[in-house]
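Only one chain is included here, represented as structure tokens and corresponding to the form predicted alone.
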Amino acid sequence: MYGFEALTFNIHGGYLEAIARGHRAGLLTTADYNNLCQCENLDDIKMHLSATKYGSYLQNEPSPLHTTTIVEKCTLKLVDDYKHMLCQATEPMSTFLEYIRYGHMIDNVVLIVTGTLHERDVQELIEKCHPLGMFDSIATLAVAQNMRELYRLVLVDTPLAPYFSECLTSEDLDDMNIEIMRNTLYKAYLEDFYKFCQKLGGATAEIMSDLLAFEADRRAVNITINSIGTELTREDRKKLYSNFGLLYPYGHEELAICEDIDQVRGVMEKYPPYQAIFSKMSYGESQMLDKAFYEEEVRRLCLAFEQQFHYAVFFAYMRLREQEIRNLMWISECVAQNQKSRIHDSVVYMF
């Protein structure tokens, strides 16, 4: 019952919520990012990060450093935090934490299938997979020729199995089909996660509904923009939108018939929360859209920490840490390629 979580939440969840809030305090601040932006090379970045939570992960790395090393070690910190919380969790929190992994599992499946299609080495592809999305039979994905084989040989024993019911076709895998598979899987995953959070009730349901609805709406906009000018029909496009969110159902009807970025903008400006995002862009441009969405997501994730006795803090912390790793990757690339003037183009500040 909403409002009564304080009576029982701390029995099983109090310690882990405190851990998550402690991790959140270790996220980089605007002052840290300003210092990182002054760095002349990757060793300077390593030196600055040595005073943060990443210090112990980077301290034994020899020079010269590479961007991939920094990202890999920072991701290792994220994975260690996640595993520690998962080991301590009891039901239903452990199931909630497992749901956070499923998005990475979907990305890994798509990465391996796409790489195999382009005849890349499987071992090389596995090294590029996100560690949170790994599962035992991931290497055998390379043998599948179509969706049915992919399901029957590999994915039937993974948590993704229920999400594949909508993508089981005998069509051969090509770039278009793989992208449709990714979006169909994400739709099923988000809807399932949304229902699970609703079942939990209380503050968790309230806050996670908002965060997942935003994610569903962002994906609807991205699917629309990326499918403009392709052979994807309006009906097929509409099938890829999640059945919840602020845009559901009337916004989806309008997005399905959009034929350029300005029409998408016209639809989104009818919804006040998204009006501010599109007002940051001039007409006809979509390059800044990703950053604007990330900034809005970070704002909502930070608000999740304003309430207590709910599971959304774990989701918010993981997402904020992932955004921080994207920021560090961008800064490191800009420094390594001597493009420091472009650093502020993609950095999303948090606190």
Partner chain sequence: MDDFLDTLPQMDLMRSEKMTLVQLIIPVESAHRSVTYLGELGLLQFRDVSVVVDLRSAFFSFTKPIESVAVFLRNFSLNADKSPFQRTFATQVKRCGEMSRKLRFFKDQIDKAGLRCLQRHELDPNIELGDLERQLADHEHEVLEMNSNSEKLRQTYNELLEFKIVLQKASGFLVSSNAHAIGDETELHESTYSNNGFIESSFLLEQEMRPEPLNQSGLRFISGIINKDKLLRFERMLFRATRGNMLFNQTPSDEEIMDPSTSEMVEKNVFVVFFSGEQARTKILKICEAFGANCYPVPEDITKQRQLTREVLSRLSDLEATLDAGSRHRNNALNAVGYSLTKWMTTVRREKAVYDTLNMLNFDVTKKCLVGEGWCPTFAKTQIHEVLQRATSDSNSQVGVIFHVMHAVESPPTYFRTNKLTNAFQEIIDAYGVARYQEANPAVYSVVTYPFLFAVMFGDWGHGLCLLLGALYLLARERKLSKQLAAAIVCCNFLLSDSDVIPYALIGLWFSELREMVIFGYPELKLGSFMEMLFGGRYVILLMALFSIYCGLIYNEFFSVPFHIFGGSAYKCRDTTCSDAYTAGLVKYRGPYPFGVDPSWRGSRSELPYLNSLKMKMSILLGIAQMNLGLILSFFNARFFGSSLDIRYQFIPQMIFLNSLFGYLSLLIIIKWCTGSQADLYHILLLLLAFIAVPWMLFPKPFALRKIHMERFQGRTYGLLGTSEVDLDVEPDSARSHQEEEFNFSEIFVHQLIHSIEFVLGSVSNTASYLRLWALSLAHSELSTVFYEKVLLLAWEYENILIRLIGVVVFAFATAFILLMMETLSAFLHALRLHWVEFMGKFFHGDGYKFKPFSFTLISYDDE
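Keep in mind that what you see is a predicted model, and the values were worked out from it rather than measured. Residue numbers count along the first chain shown, from 1.
This protein has a second form, the form predicted in complex with the partner chain, left out of what is shown; the following refers to that one.
**Q** Out of the stretches listed (179-187, 141-149, 247-255, 267-275), which one is close to the partner chain in the predicted bound form, meaning heavy atoms within 4.5 Å?
**A** Within 4.5 Å of the partner lies stretch 141-149.
**Q** Please tell me whether any heavy atom belonging to residue 137 falls inside 4.5 Å of a heavy atom of the partner chain, as the geometry stands in the predicted bound form.
**A** Close contact exists here: in the predicted bound form, residue 137 approaches the partner chain to within 4.5 Å, heavy atoms only.
**Q** I'd like to know whether residue 325 contacts the partner chain in the predicted bound form, with contact meaning heavy atoms within 4.5 angstroms.
**A** Judged by the heavy-atom cut-off of 4.5 Å, residue 325 is well away from the partner chain in the predicted bound form.
**Q** Consider residue 47 of the chain shown here, and say whether it contacts the partner chain in the predicted bound form, taking contact as heavy atoms within 4.5 Å.
**A** Yes, residue 47 is a contact residue.
**Q** How about residue 157: is it within 4.5 Å of the partner chain in the predicted bound form, going by heavy atoms?
**A** Yes - in the predicted bound form, heavy atoms of residue 157 and the partner chain come within 4.5 Å of each other.
**Q** Could you work out which of 298, 289, 39, 28 is the residue within 4.5 angstroms of the partner chain in the predicted bound form, going by heavy atoms?
**A** Checking each option against the partner chain in the predicted bound form, the one that comes within 4.5 Å is 39.
**Q** Since exactly one of 206, 236, 192, 121 fits, which has a heavy atom within 4.5 Å of the partner chain in the predicted bound form?
**A** The residue from 206, 236, 192, 121 that makes the contact is 121.
**Q** What residues of 47-75, in sequence order, lie within 4.5 Å of the partner chain in the predicted bound form by heavy atom?
**A** Those in contact are 47, 48, 59, 60, 61, 62, 63.
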